[in-house]
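Here we start with a single chain on its own, the form predicted on its own, put down as structure tokens.
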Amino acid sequence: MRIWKSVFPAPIAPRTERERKRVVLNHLLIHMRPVRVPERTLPFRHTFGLGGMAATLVGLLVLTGVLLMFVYEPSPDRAYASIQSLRREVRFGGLVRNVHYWSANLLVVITFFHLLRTFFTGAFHGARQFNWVLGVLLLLVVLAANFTGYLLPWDQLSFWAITIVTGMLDYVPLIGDGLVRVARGGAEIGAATLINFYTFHTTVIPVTLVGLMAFHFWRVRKAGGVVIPLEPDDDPEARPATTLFVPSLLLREFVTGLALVALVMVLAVAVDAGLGVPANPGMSPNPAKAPWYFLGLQELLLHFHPTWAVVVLPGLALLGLLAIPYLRYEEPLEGRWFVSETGRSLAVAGALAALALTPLWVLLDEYVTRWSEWLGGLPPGLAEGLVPAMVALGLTWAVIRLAGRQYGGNRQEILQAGFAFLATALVILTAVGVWFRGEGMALTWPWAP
């Protein structure tokens, strides 16, 4: 402890403006990483290091992104050629691009898993309520970063993927056409679109992402650090045993980050990001798919009226996510995976129900269900939107209530079942869009010619 105090002495009262700024910076760093951390938060299985992994990937993205900016030319005439030149003529250019590509895709996955971990350990109660909202916003910003970067290669795949996603905005009532023009910088995707996407991808979004991350980490520190894992017989009011951040947690974070960087490097060497043929606005590929992280949304378009698939259902899901910390709970428990064994059973039941019912829904809607024919007297928004949405939501509610009756459980445990059901359904819809949609977006087997 004496050594620690000698290295990090207590701050003295600032006397000059420069000293005052230094004290503010030191306090900011202390808030980011405390001197001591609870011993129970150290095991990898509690948090899986997902927050640190996300920060590591953001660092890789910033580093490789700056390097790519020296070569890339954001114009329709030169964008594709500059990527080709990067891969063929710049030393290690292809490797840098691959690292950037895999870091971006892994960041979406890691951020999603981090959201799941936070939810299923109950780390959204009390002082952590608003930090959950920040986490949801960070996930949206990460998706925006990937989306804006997707167009930059200006090949056939990226051009038409962005065409599809921006075209979805046209289904927003009243303002859809205006949103499409804002997103594209005009009626069609062209030079203005590329400049806008490049500007957002390289300046606006990185600044927003880093700022939100810093605020997010600071809020974690203000809430007392990572939520402390509890056992059923533990006293939540008891003061936990602590240990020094250096080296106990620092070493674990360093090893985790090193392993993640090694994984990214292996993927970058083994699997090339690839580059398709140059963009051709006059010839759409078949099938024309959105980026993989939006394929769940595109899959909804095949089963619901566009306004419901693009606006209503995603909007309700987002509002539900933001409202989770502010719901009333009989006994808000944090730090325990799934709250209890009952909560674990309910979450597993919800996930298994989605695993069975989601593919069944896709198959029935593809080959059997004809909402517009059966309900021909209703407007399309009702026949293909409201009715199937109510059926889907009613089925979800029935599964959750059935699981609740089978296993019991309080409100938080039942909420976990619904969350597990919807998260699993989203993953399955995304997988269907990635591997099981062929020409004309018809269902097919991945190995079919």
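All residue numbers are counted from 1 along the displayed sequence. Because the structure is a prediction, the values reported are computed rather than measured.
Below, we refer to the form predicted together with a small molecule, which is not included among the displayed structures.
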query: Candidate stretches 403-411, 44-52, 62-70, 376-384 - the one whose heavy atoms come within 4.5 Å of the small molecule in the predicted complex; finding: 44-52
query: Triple contact flag 118, 128 and 216 to the small molecule in the predicted complex, non-hydrogen atom at 4.5 angstroms; finding: yes
query: Touches the small molecule in the predicted complex: residue 111 (any heavy atom, 4.5 Å); finding: yes
query: In the predicted complex, residue 135 touching the small molecule (heavy atom, 4.5 Å); finding: yes
query: Heavy atom of residue 279 within 4.5 Å of the small molecule in the predicted complex; finding: no
query: Residue 227 within 4.5 Å of the small molecule in the predicted complex, heavy atoms; finding: yes
query: Selected contact from 209, 302, 152, 297, since only one has a non-hydrogen atom within 4.5 angstroms of the small molecule in the predicted complex; finding: 209
query: In the predicted complex, the one of 139, 106, 312, 351 near the small molecule [non-hydrogen atom within 4.5 angstroms]; finding: 139
